[in-house]
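Shown below, as structure tokens, is a lone chain in the form predicted alone; questions about how it binds or moves come after it.
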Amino acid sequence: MPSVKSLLAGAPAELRFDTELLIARALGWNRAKVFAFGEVEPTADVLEKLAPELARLHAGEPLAYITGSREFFGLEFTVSPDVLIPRADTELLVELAIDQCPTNARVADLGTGSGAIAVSLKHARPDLSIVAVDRSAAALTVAANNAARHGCDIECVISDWYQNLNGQFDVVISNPPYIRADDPHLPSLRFEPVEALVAGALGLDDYKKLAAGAATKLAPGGLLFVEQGADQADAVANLFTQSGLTDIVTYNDLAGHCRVTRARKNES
């Protein structure tokens, strides 16, 4: 039987950390124990479970899809290939919404995917009334399960952006697809749903829809928050201005990248 140490030795350097996590998970250990007990030989049952997981990891599949889970904003979220894996970059979007959503606001999270934004926001601000929106029924099932997992009362609606939404919202929040169709990084994201990643030749198609719909679906004075690519802030701001939105502000993430844009609908 191979030892823990030999299993680690067979991992490429860039996969070492994830390999440690998979081994620890299979053995019911923490990472520290993986280092301390490298000579232990896992049982045949453990290896039978671990071997295909390591093969998937070496084939490029993200760890989150292998384990079915990803931490976001201090909460653990179930994920599947039906949804985008939540990224730490998106936590800024949640932080801003927590700080700026009016009390008892009605909020729509468009393109909710796993529900990471909607659930994190509701968990931190129970006063908010949140509608999680996605055009994928499979994604909404994941979002609903995550809401239930964390005891968050969230309405889930199947809709292509604003299409099936009733009434107006005080806040609309979204991490839409924003990758260009010819982006060279797309092959490395091949396990994630392409419809949650790509938005036309310039990566701006869905910002146009979000901006256009805000004219009728945002309440007077309502706020629109979106995540964007680091080089898209000016283009997104221009689209929002052309749609009549005002008070446009761009926020940088911890790496100094222009990560979130906020806009407001006029009061009148």
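Since the structure is predicted, the reported quantities are computational estimates derived from the model, not experimental observations. Residue indices: 1-based, along the sequence shown.
Heads up, the form predicted together with glutamine isn't pictured, but that's what we're talking about next.
Check: If you check in the predicted bound form, do 82, 120 and 139 all have a non-hydrogen atom within 4.5 Å of glutamine?
Finding: Zero of three within 4.5 Å in the predicted bound form.
Next item on the list: Please name which of the stretches 83-91, 145-153, 127-135, 112-120 has residues with heavy atoms lying within 4.5 Å of glutamine in the predicted bound form.
Entry: It is the stretch 83-91.
Checklist line | Contacting member of 157, 105, 197, 96, with respect to glutamine in the predicted bound form [4.5 Å, heavy atom] | finding: Selected residue: 197.
Margin query: residue 179 versus glutamine, in the predicted bound form: is there a non-hydrogen atom within 4.5 Å?
Written below: Flag for residue 179 set to yes.
Note to self: Does any part of residue 189 reach within 4.5 Å of glutamine in the predicted bound form? Heavy atoms only, please.
What the structure shows: The answer is yes: residue 189 has a heavy atom within 4.5 Å of glutamine.
Checklist line | in the predicted bound form: members of 20-45 within 4.5 Å of glutamine, any heavy atom | finding: Heavy-atom contacts to glutamine in the predicted bound form: nothing from 20-45.
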